[in-house]
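So this first bit is one chain, no partners, the form predicted alone, shown in structure tokens.
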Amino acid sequence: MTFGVALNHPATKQRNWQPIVQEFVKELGDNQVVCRKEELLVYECDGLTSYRQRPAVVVLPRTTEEVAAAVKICDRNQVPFVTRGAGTGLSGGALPIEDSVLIVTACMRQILDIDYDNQRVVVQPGVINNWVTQAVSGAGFYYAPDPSSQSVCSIGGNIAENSGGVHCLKYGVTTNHVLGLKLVLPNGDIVEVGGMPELPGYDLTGVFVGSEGTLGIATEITLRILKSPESAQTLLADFNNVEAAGKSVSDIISAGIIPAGMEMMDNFSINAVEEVVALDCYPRDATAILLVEVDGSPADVEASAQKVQEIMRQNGARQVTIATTPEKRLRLWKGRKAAFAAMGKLSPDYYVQDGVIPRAQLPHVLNEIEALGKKYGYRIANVFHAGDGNLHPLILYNNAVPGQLETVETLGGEILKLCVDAGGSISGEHGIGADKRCYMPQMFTPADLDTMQWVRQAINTQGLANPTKLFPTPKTCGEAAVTPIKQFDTVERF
């Protein structure tokens, strides 16, 4: 192994990395330690590619014991570490910091146990989300949380960010499907939390899910799996205005129907998807489309689908398409799942936000987002989980043009503030990470933030686990409640 290239990296000038790297090699093996400059480039950002920072060292453990050994080395040498799974996160949660070790769980890809009687599976954190359903579908089960990136995102990352998906309206987000965890704490200790429902005492599993790598690393995860529904139907309705589609969302919920999924796309997104995926099932002239899926017993599904169709037509739906077979349903969902990727054809870069608003505020907030786009001079596509008000506005820009990234950051901040003012929040499923930490004071009082920090400091006593993420600091945010973030510590802009 050659250390020279890595040791010339600016982040390594603060310490002598060679003995630390040798410790990693001794514990994990030569082929599980990465320190060459050109190899480290692969790990310098997550899905939020606008910000990049090369780690000093990357380690690739395969077992809980190897994770613990790596963390102990970091603890012993007072080296900060960041955990990374598949790297698909969109808030900079897995963004390395200067002079840090990146612990990558991508090699931990085993499904360790499947227990159909108790409807649970045990997996390592590098297992891809969709692999869980593939592993149990033959027995009539599935794993409910389904982010749009489910074919590539890992369970460990889903745990860290508490990911959702198109079916979270009825079945909940990741935390609702995690029964227990084996954890490596920031000092290297191995502990187990949860494992059985209704345990007395503190909900430590709930504390860990969504903690964004600041409380340790999950190395074995016990997930709840569900019986596949007997029947399902997906309805696609197109509307001439967003208000009619938004009212349909509220009316469906008011009618006592909880769809498995309810998604909305605007005209911009519709055309982007059709350009790239060429489904020929999304009407290009529609102002908005609404995708609604109902599942359950055949009788319930038939009744619910009929009622949903009536509501959408009463609200002015021009056309309603109903898919009853798995193949046709997947075709309707394919466009929604490909929406983010489709933006790459329209623009070299996009900046996505993840605010949440009350359903009744959808028309107002979408109109305000459109106005903000015109004010700043940027096109904004809207794709979102309409049922729970989780918006994903995608601001299209060109990072090669000086100043555009700073402007879209400001625009993104305005959208988050708009969501909070409407009674919502700054994140639904992408997490806070490095991207939105400066907007935490928009939602929480200083006392709230202090309380959260007490929990973090009780477990992450040395502050080594994913530092600078999640919470605002004077160094990183300045006037956090007023001014959008302009610079991420020493992180390089791309």
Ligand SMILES: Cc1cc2nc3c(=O)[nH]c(=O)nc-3n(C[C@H](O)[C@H](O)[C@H](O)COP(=O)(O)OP(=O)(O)OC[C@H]3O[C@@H](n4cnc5c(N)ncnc54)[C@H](O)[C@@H]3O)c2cc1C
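Counting begins at 1, following the sequence as shown. All of these numbers come straight from a predicted model, not from anything done at the bench.
Another form, the form predicted in complex with the named molecule, is not on view; read the next lines as being about it.
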item: 148, 315, 382, 222 - the one with a heavy atom within 4.5 Å of the named molecule in the model of the complex; value: 148
item: Partner-contacting position among 186, 164, 355, 412 - heavy atom within 4.5 Å of the named molecule in the model of the complex; value: 164
item: Within 4.5 Å of the named molecule in the model of the complex, all of 50, 96 and 349 (non-hydrogen atom); value: no
item: Partner proximity in the model of the complex: residue 171 to the named molecule, non-hydrogen atom cutoff 4.5 Å; value: no
item: Any non-hydrogen atom of residue 87 within 4.5 angstroms of the named molecule in the model of the complex; value: yes
item: Close approach of residue 430 to the named molecule in the model of the complex, 4.5 Å, heavy atom; value: yes
item: Partner proximity in the model of the complex: residue 141 to the named molecule, non-hydrogen atom cutoff 4.5 Å; value: no
item: One stretch from 113-121, 412-420, 204-212, 132-140 that, in the model of the complex, holds residues within 4.5 Å of the named molecule by heavy atom; value: 204-212
item: Residues within 4.5 Å of the named molecule in the model of the complex, restricted to 141-163 and counted by heavy atom; value: 147, 148, 149, 153, 154, 156, 157, 158, 160, 161, 163
